[in-house]
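Only one chain is given next, in structure tokens, and it is the form predicted alone.
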Amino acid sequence: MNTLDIAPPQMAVLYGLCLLPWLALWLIGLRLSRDILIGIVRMSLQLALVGFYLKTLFSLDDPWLNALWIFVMLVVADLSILQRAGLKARFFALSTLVAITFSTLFATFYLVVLVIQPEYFYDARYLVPLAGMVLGNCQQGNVIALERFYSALRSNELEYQTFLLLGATRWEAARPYYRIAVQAAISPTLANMATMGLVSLPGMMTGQILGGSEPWLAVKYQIAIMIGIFASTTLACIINLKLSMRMAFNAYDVLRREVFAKG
């Protein structure tokens, strides 16, 4: 079974789908025309460039090119996480990169080497898409974890300092906020896993079915990727928050104001 192609005229029709929500936003007073246009254009250009690159990547299937592409994804995700969390990259770039690199590569290679078992572990057809899906979800979780943790610390700084004055260590004083942040980061993944198949058909499974795969095969791949996403997101958030605390506090365990992008 071959997937039906979307011809240029149909692509033009596709973009027309954006007109109704744009009109609805305009009618309620939200003037987001520029943001919507930029978002659609950027998405289209970026995906087009990635499409050309991936076609080359899959045809060459060179381990070094595959590794380079994954490294670029990790660096971009690293900077994006810190920007969206409101933290300065010069303080947290290394700790975040270490956390997402370890967790993403661990989950990806676990899936590729032990579960899927292609002929070559660096096969771009499996390695690159799986790494991208794992990293994309890991990125979202780390944004939530960092933002929640440091927002909670700033909002409850007096409580945190009271714990310190009562004899608690930095870790003991910050642990309640740490737990809340990790729980908030993995809650969307857990909720998605609990309702998957009943509320929605996930993207990877739908894509495989549209591509001609048997539904049961698509189900097994979807289970594999969701377990990989859960493992990588959880590990990355736990490691990232722990490592970031080394840079976020001074020698007296006081939260440093200069690590925040604003305020």
Partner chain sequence: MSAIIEFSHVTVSVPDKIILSEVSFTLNAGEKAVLCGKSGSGKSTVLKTLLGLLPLQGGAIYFQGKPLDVLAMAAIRRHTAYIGQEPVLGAETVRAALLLPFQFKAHRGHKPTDTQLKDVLAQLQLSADILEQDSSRISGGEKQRIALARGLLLGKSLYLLDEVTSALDDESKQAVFAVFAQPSLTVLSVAHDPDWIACCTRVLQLEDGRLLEDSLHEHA
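Numbering follows the first chain given and starts at 1. This one's a predicted model, so the numbers in the text were calculated from it and none came from an experiment.
Only in words, not in the display: the form predicted together with its partner chain, which the text now covers.
Participant: So, Y126 and its partner chain: in the predicted complex, are they within 4.5 Å at any heavy atom pair?
Facilitator: Looking in the predicted complex, residue contacts with its partner chain do not include Y126, since no heavy atom lies within 4.5 Å.
Participant: Taking heavy atoms and a 4.5 Å cut-off, does Y15 contact its partner chain in the predicted complex?
Facilitator: So Y15 does not count as contacting its partner chain.
Participant: Q83: heavy atom within 4.5 Å of its partner chain in the predicted complex?
Facilitator: No, no contact at 4.5 Å.
Participant: Answer for F91 alone: is it within 4.5 Å of its partner chain in the predicted complex, judged on heavy atom distances?
Facilitator: Because no heavy atom of F91 falls inside 4.5 Å of its partner chain in the predicted complex, the answer is no.
Participant: Let me test this: is every residue among T162, L166 and V254 within 4.5 Å of its partner chain in the predicted complex, going by heavy atom positions?
Facilitator: Yes, the whole candidate spot contacts its partner chain.
Participant: Would you kindly say which of V72, L158, L114, A191 lies with a heavy atom within 4.5 Å of its partner chain in the predicted complex?
Facilitator: In short, L158.
Participant: Using a 4.5 Å heavy atom cut-off, which stretch among 93-101, 115-123, 182-190, 167-175 contacts its partner chain in the predicted complex?
Facilitator: The contacting stretch is 167-175.
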